[in-house]
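Take a look at this one chain, the form predicted alone, written out in C-alpha cells.
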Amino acid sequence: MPEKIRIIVNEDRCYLCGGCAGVCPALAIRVSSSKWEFFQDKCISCRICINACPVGALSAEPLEGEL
C-alpha cells in the first residue's frame, strides 16, 4: 500500500488549468475558474496529479498516523 499523502498546491504557480483534476482517477481534485480544491478522503496517493502538472505547482506531504 502506498504511503498516504496530502497534495499541496503552490498557488503562486498554479494557473487553474485543471490538468491535475483531469488525470486524478479518484476525483480527489476539483478546479474551477477561481479555486483549487483537494479532497483528502478520496485521494489514493497515486501522485499522478503531481506528475501531470505542467508548471510543477503540486507537491505531496506524508500523512503521519492517518490512514
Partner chain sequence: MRYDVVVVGSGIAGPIVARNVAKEGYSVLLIDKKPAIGAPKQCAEGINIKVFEKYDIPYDRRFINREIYGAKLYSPSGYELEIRYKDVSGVILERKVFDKMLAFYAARAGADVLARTEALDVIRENGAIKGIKAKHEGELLEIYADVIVAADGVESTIARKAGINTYAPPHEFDSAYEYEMLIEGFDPDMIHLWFGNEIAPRGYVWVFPKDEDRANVGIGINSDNPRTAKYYLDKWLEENKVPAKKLLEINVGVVPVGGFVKELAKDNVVVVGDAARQVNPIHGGGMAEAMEAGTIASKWIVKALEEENLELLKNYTREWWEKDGKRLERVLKIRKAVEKLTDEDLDVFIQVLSGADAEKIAGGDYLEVIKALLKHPKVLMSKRRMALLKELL
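The structure displayed is predicted, hence computed values, not measured ones. Residue numbers count along the first chain shown, from 1.
Unshown form predicted in complex with its partner chain; subsequent notes refer to it.
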Please run the contact check for N51 against its partner chain in the predicted bound form: heavy atoms, 4.5 angstroms, yes or no?
yes
Partner proximity in the predicted bound form: A21 to its partner chain, non-hydrogen atom cutoff 4.5 Å
yes
Is there a heavy atom of S32 lying 4.5 Å or less from a heavy atom of its partner chain in the predicted bound form?
yes
